[in-house]
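Just one chain follows, in the form predicted on its own, and it is written as structure tokens.
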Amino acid sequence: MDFTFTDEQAMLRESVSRYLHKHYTFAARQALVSSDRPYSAEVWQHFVDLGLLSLPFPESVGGVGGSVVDLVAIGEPFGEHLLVEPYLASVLLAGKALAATADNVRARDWLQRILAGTALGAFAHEEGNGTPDPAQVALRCKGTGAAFQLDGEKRLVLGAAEADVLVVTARVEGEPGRRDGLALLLVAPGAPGVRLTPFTTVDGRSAAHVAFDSVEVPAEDCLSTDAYAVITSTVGDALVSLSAEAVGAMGALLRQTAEFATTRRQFGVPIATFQVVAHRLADMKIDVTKARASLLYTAALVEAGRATPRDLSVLKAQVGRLGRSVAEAAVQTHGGIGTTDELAIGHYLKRLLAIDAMFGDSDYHYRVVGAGA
């Protein structure tokens, strides 16, 4: 396997990094998070112009035919700059689910609007059980002739408060734990019976809990009633992209902590000369290297069509555990200022903790790996 980026991927990565370095500094990001705007419309439009919204999709649905490695190439800069734009929510989750069901006219129409940047989507899947397994979906969907009826709640739906459409996973038959009987539906956030409770996550992103009270969904907005494979594929791609963000954040923590340790002086010498700090920096570098190696290896497996669910769990578990270790070491090295809002270090810690918790934390995925050993 080739673990290096192609020239085109390297150019794409450099283009995204250069733009974010100039226009998405930590100060600019903090000003955005502190405002009443959930994301920067200017940055989002630039992503449209760069073709990033179309990147992960095949040409048959209006995309540019990018691969998972392309997503890794841009995911690391996203993580380095703590991006709060809804790329994961709208493009990689809602968009991917729509692309997988693009034979449906409604799905294809919404996908085109998302790729053009004129609409945002959100993927309503999590129900508070902390697992990515679609079989655990419990939200009830009952057929009523020419329509369906939704009753239940989804938790922590990223980007739901700004979304123009919700892509909702639900159960049309059977009990949680079964892989069959899963549906994928389109729901308007403003539809009668839909109630959103918006909030900002610990890492500065817009999200909402979404309650469904006898919500009527027309039959044409039901994308699939056998959606286990689509949901699994959508979540699997998101795991790789999230892991790329985590690796980018870990690399930034390593660089900023090493710079701090070489300039911060105690007893007349840089603290990097203290054995305990030097060893901590060495451990951080090893952890970042291990996480990035796991990321590139798994991305290569996915691109080659050889990745198994166990491979994805190994990646998510590794990144979650190593990310926490690197972030904690960075905070310890910086001392009390590492936890303040004025320094990026604590914000990286929050982002890495959030990534670890999404779609199953490291303990969950280690159990998955152990069960399949």
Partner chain sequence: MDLTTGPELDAFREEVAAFLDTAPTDAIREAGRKLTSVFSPFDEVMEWHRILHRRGWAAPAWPVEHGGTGWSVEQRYVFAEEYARRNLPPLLPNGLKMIGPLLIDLGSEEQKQQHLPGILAGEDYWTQGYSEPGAGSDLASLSCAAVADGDDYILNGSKIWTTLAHRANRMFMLVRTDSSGRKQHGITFLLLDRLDLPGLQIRPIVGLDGLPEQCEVFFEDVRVPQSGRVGAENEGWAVAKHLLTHERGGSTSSPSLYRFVQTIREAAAVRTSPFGGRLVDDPVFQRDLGELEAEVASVEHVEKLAVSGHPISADLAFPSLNKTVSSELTQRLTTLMARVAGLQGLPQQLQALHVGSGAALLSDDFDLVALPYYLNSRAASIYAGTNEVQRDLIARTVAAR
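Everything numeric here is computed off the predicted structure, so don't read it as measured data. Residue numbers count along the first chain shown, from 1.
Another form exists, predicted together with the partner chain; not displayed. Remarks below refer to it.
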**OP:** With the partner chain left out here, work out from 334-342, 52-60, 35-43, 22-30 which stretch has heavy atoms within 4.5 Å of it in the predicted complex.
**Re:** 334-342
Subject >> 4.5 Å heavy atom contact, Lys142 and the partner chain in the predicted complex >> reply: no
**OP:** Please run the contact check for Ala100 against the partner chain in the predicted complex: heavy atoms, 4.5 angstroms, yes or no?
**Re:** no
Original post:
Given that the partner is absent here, does Thr298 sit within 4.5 Å of the partner chain in the predicted complex, heavy atoms only?
Top reply: yes
**OP:** Consider Gly177 of the chain shown here, and say whether it contacts the partner chain in the predicted complex, taking contact as heavy atoms within 4.5 Å.
**Re:** no
Original post:
With the partner absent here, would Arg155, Gln266 and Lys350 each sit within 4.5 Å of the partner chain in the predicted complex, counting heavy atoms only?
Top reply: yes
Original post:
So which of Ala191, Ile286, Ala147, Ala229 reaches within 4.5 angstroms of the partner chain in the predicted complex, heavy atom to heavy atom?
Top reply: Ile286
Original post:
Just one of Asp221, Glu126, Glu162, Glu85 has a heavy atom within 4.5 Å of the partner chain in the predicted complex. Which one?
Top reply: Glu126
**OP:** Could you run down 339-366 and flag each residue that has a heavy atom within 4.5 Å of the partner chain in the predicted complex?
**Re:** Thr339, Thr340, Asp341, Glu342, Gly346, Leu349, Lys350, Leu353, Ala354, Asp356, Ala357, Met358, Asp361, Ser362, Asp363, Tyr364, Tyr366
